[in-house]
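Taking the form predicted alone, here's one chain by itself in structure tokens.
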Amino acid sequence: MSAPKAKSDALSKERLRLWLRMLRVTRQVEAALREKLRLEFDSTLPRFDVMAALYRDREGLKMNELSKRLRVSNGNVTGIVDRLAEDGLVERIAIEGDRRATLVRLTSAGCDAFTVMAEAHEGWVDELLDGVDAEDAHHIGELLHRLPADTGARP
């Protein structure tokens, strides 16, 4: 095997190990967050994600915009929004001139509930990543920004 080929193979293997490490850590953190949301708020991570997206866009989002932002199907978002509406945490607003589109936004109670959940979520993530200091967190974040975006194109 030529030296460039061996170097390329070694790099490929190292990148594979990195990917598997990132995947393992992501799954562990996500599992812990799911459990904490369930136990402390009787909620789910997808429900938290919907509320977070709506919290960022206080004026609300069309259902299709919400599903695009979360990268999930319209059907998944509809079920979550239905339950949030039943709980009084979101409201649906008809869009004038477009009978098929609906705007969804957090209610005042939804904003309050999300604020409490988001604060707890931040604390949990802080605890879960306790072994990473501020400098390392910044450095890891910078390194991750070098990775390709959704399209596979280099940033």
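Computed from a predicted structure; not experimentally measured. The first residue of the shown sequence is 1; numbering continues from there.
What comes next is about the form predicted in complex with the DNA, which is not displayed.
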Among Val29, Ala101, Cys111, Ala120, which has any heavy atom within 4.5 Å of the DNA in the predicted bound form? Ala101
Spell out, yes or no, whether the shortest heavy atom distance between Gly88 and the DNA in the predicted bound form is within 4.5 Å. no
Touches the DNA in the predicted bound form: Arg105 (any heavy atom, 4.5 Å): no
Is Asn64 near the DNA? Define near as a heavy atom within 4.5 Å, in the predicted bound form. yes
Report whether the minimum heavy atom distance between Arg69 and the DNA in the predicted bound form is within 4.5 Å. no
The stretch from 112-120, 51-59, 90-98, 125-133 that lies within 4.5 Å of the DNA in the predicted bound form, judged by heavy atoms, is 90-98
What are the residues of 71-95, in order along the chain, with a heavy atom within 4.5 Å of the DNA in the predicted bound form? Arg71, Val72, Ser73, Asn74, Gly75, Asn76, Thr78, Ile80, Arg83, Arg92
